[in-house]
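Next up: a single chain in C-alpha cells, the form predicted on its own.
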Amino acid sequence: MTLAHLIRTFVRRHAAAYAAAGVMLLAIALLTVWMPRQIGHLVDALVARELAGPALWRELALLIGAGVLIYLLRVGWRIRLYAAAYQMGVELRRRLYARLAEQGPRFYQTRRTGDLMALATNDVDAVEMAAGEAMLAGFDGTLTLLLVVATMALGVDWRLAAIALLPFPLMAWSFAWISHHVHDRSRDALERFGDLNDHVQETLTGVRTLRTLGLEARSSRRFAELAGAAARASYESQRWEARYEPAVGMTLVTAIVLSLGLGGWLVWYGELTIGQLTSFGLYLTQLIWPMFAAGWVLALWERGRAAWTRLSAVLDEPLAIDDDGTVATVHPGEIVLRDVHFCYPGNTSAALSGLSLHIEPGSTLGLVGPTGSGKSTLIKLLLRQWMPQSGGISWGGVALADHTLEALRAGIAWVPQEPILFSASVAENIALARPSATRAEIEAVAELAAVHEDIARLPQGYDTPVGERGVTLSGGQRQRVAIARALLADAPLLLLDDALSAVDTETEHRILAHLHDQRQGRTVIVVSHRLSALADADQIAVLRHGHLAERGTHEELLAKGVAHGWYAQQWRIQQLEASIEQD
C-alpha cells in the first residue's frame, strides 16, 4: 500500500471532517480573492473622487469584516482537519503495536528495539503530518492558485496573467529536483534517529554492566557520534527543504518584474487603470502562499513517504508464526511430541532432532541436560514461538497449530530465566494476568512462590514500586514475583524455564514442593540445572544434543545410569560439590 492509498482510505473514512474543512477553505479562498478586487475598485473610486464619508467607512468596515471572518474560518478548519489527522496517528500506532505484539522471536532477532520505538514516534508523526498539514496546504494552495489566476486573467487582464505565469514551469522543475533529494535525506534522517534511539535504549537497559566494566566514557563517545550523525542527517534534510524558498522567491520576483513592466506600459497607453494594476499587484502577492504551500506540501509528502516506507515494511512483514488455528479453547490433557525436528534459521545443526515425548496431564516433568541440549527450545515450541520443521506437537488431542494463539497462550503460564517486571507496584506486577485479583489472592500465590516475606520487608510492602524491569529487586526476588504472577494466572500448563536459577537451593525446594502440593491438576514442566530440585518430579527427561537420552523417575535414572548415564554422573558431581560447600 502506498502513502497516497493510505491517505485516500483514511480521508474516505473521515469524509465529514475533511469536507467541512474543505468548505471553510473554499470560503476563505473566495474571500481572499474578493478582497484585492474590492480594494482595486476602492482605489479607482478614491482617485475619481467618487467615494467619501459614510460610504467610504462602509467599504472599509466590509473589508475588516471579511478579514475577521477569514480568521474565524481558519481557526475552524484547523480544528476539524487536525482532529482527523491526529486520529490517523492514533490508528497507526495501534496497528504498529498490535503487529509488534503478534510477531515472534525471529522478527526481533533482525529488528532493533530503539528503531521500532522510533517508528512509533518520528515516523508516525511524519505520516500524520502528510495526512493533515500536507493535505490542508495542498488543497488550500491549489484552490487559491486557481481562483487567483482565474481572477487575474478574467477579472483584470489576461495578458498580465500570462506573462506573470511564465516563470512557473521553471519553479515546477526545481521543485521536482529538490523533492527527490528531500525524500532521500528524510529517510536517512529517520534511520539515523533510529540508530540513536537504539543506542540510548540499550545503554539505559545495560547501565549497570557499563558501570561495572567502566565503559561510561566509551558509551558517551558512541552516543556523541550517533547524535552527531542524526544532527547532520536532519541538517541535510532541512538544507534541501530550505531550497524551496529561494525557488519561490526567484519565481515571484521574476513574475512581479514582468507583470509590472507590462502593466506600466498598459497604464501609460490607457489600456489599464491604476486601480486594476493595484489589484493585480495584490493578486501577485497572494500567489506567495500557493507557491510556498507547494514547497511545504512536497517537503511534508516526501518526509511522509520516507516514513511510510519504513513503517509499511514492519506492518506488512509476514508473521513468524501464522495465527490460522480455529480451536479457541484449550482442553487440558496429555502433551505429545512425535518425532519433532527443529533447526534455528541460519544454523546447520538441529536444536531438536527426532524428539518424541509424552507428558501426562497434571504431572510434573523435570527437563534437564547439558547447555545447548534443546531444553529452552522445547519450551519455545510449546509456546509456539517457533514451529518445528517436521513432526507434531499436540495438547489434549489437538495439534498446537490448530489452536488460536490467543487461546494457547491463555492456557500457558511461562516464567523465563530472565523475567520481565514492569514499572508498577509489586502487587500490580503479580496481578498482571488477573487485574481483578484480590489482595488475599495475590498474597496467597506470593506465599507459594516463597516471596511473601521478602515483599513484606519492602518499604511499602505490596504497594512498593519495583522500577523499570524490576530494577529495585534482586534477581531471585524478580524470579519469584514472576512465578507468583504465573500461579495467579491459574493456567493449566506451567512452564518454568530455569526460572529458579537465582534462588538458593533451599528456596528452590520450598517453591517446587508448594507447586507439587498445590498444582490441582496443573501440568508443570520445570527446566533446571539443579538435579536435587527435580527429585520429586513425576518424570525426568534428559536431553542431549536435541535427542531424548534418558527418561524416568529420579530413582530409575540413578539405577539405570550408575555407570554411564548423564543424569547419574551429573547427580554424583552435584552431590560432591554440595558436600564440599558444606565442609
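Keep in mind that what you see is a predicted model, and the values were worked out from it rather than measured. Note that residue numbering begins at 1 and tracks the sequence as displayed.
Although it is not shown, the form predicted together with a small molecule is what the next lines describe.
> May I ask you to state whether T326 is within 4.5 Å of the small molecule in the predicted bound form, using heavy atom distances?
Outside the cut-off, so no.
> Examine S501 and determine whether its closest non-hydrogen atom to the small molecule in the predicted bound form is within 4.5 angstroms.
Looking in the predicted bound form, residue contacts with the small molecule do not include S501, since no heavy atom lies within 4.5 Å.
> Do G374 and the small molecule share at least one heavy atom pair within 4.5 Å in the predicted bound form?
Judged by the heavy-atom cut-off of 4.5 Å, G374 is in contact with the small molecule in the predicted bound form.
> Does N347 reach the small molecule in the predicted bound form if we count a contact as any heavy atom within 4.5 Å?
Contact check for N347: yes, within 4.5 Å of the small molecule in the predicted bound form.
> Given that the small molecule is left out here, which of R185, R478, K380, H403 has a heavy atom within 4.5 Å of it in the predicted bound form?
The residue in contact is K380.
> Of the residues S423, Q109, T121, T505, which one places a heavy atom within 4.5 Å of the small molecule in the predicted bound form?
Residue within 4.5 Å of the partner: Q109.
> If we take heavy atoms and a 4.5 Å cut-off, which stretch out of 130-138, 365-373, 303-311, 443-451 is in contact with the small molecule in the predicted bound form?
Among the listed stretches, the partner-contacting one is 365-373.
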